[in-house]
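A lone chain, given as structure tokens: the form predicted on its own.
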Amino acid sequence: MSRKTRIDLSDMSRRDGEPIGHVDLQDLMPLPAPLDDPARERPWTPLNPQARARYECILDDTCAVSVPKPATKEEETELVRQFLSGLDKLFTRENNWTFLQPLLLSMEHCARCQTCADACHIYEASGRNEIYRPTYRSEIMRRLYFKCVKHGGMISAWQHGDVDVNWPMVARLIELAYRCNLCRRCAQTCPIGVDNGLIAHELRKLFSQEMGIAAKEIHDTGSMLQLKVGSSTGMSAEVVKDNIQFIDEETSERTGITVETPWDVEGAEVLLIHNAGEILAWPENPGAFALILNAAGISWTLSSELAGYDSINYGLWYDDAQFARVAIKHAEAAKKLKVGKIVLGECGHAHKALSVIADRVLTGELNIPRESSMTLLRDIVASGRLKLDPSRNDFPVTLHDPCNMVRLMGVVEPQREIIRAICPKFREMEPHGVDNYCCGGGSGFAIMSGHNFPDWRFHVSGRKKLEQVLNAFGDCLDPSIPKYLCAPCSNCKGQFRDMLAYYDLWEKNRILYGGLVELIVNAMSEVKPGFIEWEWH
């Protein structure tokens, strides 16, 4: 039986040490075939007692950030003081000039129409659980703004609502900032531009920059490791060169075409920066890029400078300072090589980080042109420089739209023009393009695997996308028909890899995921047939 109970905003400040939210499997949004039997829903792993004893696990059924419980009342008081200090800074131009204006708009002008709630995949997939309503988080922030930043008195509290400021509220708000994919579908649908995703982002920023609290996967083993050794994968320049050499050899053998990746070529037209996760997890992707660019006669190079070979910039999701440090490293690598432009490989958040947000940081000599690989690849395919045989891709293909690349940058058509040209059985998900749904791994979730958080991201944040994938392949779910889910984003591929395995959709229904360049190489007439390895997944 569902334990779904009414949740009020005041519950955030409860001191009973218990979670205020809970999602039963039977509350979840139904899925289509072959996952349409609720009785076969995979059980949710409960948080273990040790985690509950050590960390603040008082929001819902999971724990993303692992905030240690304060040892003393004095420590609680100090943490609340830091939170309020950071809250003040969010609303000052000298501390937050980048995002102050849209943040103020979101604080002052929400009409509470709930249009955003209908657009949120997490809220819908959870069975419309109140704590995942976009405005639940935002309304807490709004009440804090009027009470603690504008110092409204009793009349303000009556007008805007009150909130009890204490450590349990702050601890729950830390976790709640990590129950949003930052996909901005809610902001897109808001009639007056209120951005609930920005509010979640600003909260993460406050917790990181003022309190030193962030999910370890995106900070400690993410941006900090990248700035130290060059990549969040831990690969140094020497290691990544060795790996790329191996990939070149492997790609040459598989395709029958000699592939050699150029390094540190001064004056090259293109500096290609991959998400380094591709190199380790999906080596066929950088191998395919190298083969295509060489075959098309593009003057290009990789960089061995610190961070110059890894387009990841996790700061985008939680910390402006970390974001700026990494973005500058990327631009400095391009400047040193005097390249014509930076081209981002198949990584959605890297697209937005370096092509859009970095405009606020990269000025003067660091303002080097940046381009999506989607447009470069489209131009190559459209130019006829590659001999392509669409019959080699004669299997059902659907396309996932990475939120950062598509909704937040408007790169919608180039990848579709390619797929329409080389995949005769292409079918769209519905909705798609800028109306797409997040894969459920956005904003760092795809790499966050502590405690039972994967259960939450497969059951809740990834559920709407899973529904879309199953519907797109609804006419060909039979395992005798191999199907290709094209996801031109490393982060999204990580989510699909884990989610398809979680629901056993490769073994039972032959749904394979992969990137865009793999489809291009698979269709190249001069390449040995069968570049896509269906048995690898």
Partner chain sequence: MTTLLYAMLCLSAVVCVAATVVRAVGYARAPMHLRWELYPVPHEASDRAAHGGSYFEDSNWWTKPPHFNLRGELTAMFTEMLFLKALREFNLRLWWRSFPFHVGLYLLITTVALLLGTAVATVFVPAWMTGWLGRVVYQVCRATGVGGLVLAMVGAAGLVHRRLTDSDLRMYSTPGDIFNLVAFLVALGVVAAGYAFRPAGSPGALGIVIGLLTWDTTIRVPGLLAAGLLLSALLAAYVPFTHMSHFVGKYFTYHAVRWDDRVNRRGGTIERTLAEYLTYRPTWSAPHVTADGSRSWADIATTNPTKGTKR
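Positions refer to the first chain, counted from 1. Being a predicted model, the structure only gives us computed values, none of them experimental.
The protein also exists as the form predicted in complex with its partner chain; that form is not presented, and the subsequent description refers to it.
Peer 1: Taking the partner as it appears in the predicted complex, which of 293-301, 245-253, 353-361, 460-468 has residues with heavy atoms within 4.5 Å of its partner chain?
Peer 2: Comparing against its partner chain in the predicted complex, the contact stretch is 353-361.
Peer 1: Quick one: from T77, T115, T258, N452, grab the residue that has a heavy atom within 4.5 Å of its partner chain in the predicted complex.
Peer 2: Only one option qualifies, and that one is T115.
Peer 1: Within 4.5 Å of its partner chain in the predicted complex, heavy atoms considered, which of E428, D264, E371, D164?
Peer 2: Partner contact (heavy atom, 4.5 Å) among the options: E371.
Peer 1: I'd like to check something about W282: if you look in the predicted complex, is any of its heavy atoms closer than or equal to 4.5 Å to a heavy atom of its partner chain?
Peer 2: The answer is no: W282 has no heavy atom within 4.5 Å of its partner chain.
Peer 1: If we define contact as a non-hydrogen atom of the residue within 4.5 angstroms of the partner, is R93 a contact of its partner chain in the predicted complex?
Peer 2: Yes.
Peer 1: In the predicted complex, is there a heavy atom of its partner chain that lies within 4.5 Å of any heavy atom of F395, even though the partner is absent here?
Peer 2: Looking in the predicted complex, residue contacts with its partner chain do not include F395, since no heavy atom lies within 4.5 Å.
Peer 1: Considering only heavy atoms, tell me if V406 and its partner chain come within 4.5 Å of each other in the predicted complex.
Peer 2: Residue-level check for V406: yes, a contact with its partner chain.
Peer 1: Across 106-127, which residues bring a heavy atom to within 4.5 Å of its partner chain in the predicted complex?
Peer 2: E108, H109, C110, A111, R112, C113, Q114, T115, Y123 sit within 4.5 Å of the partner.
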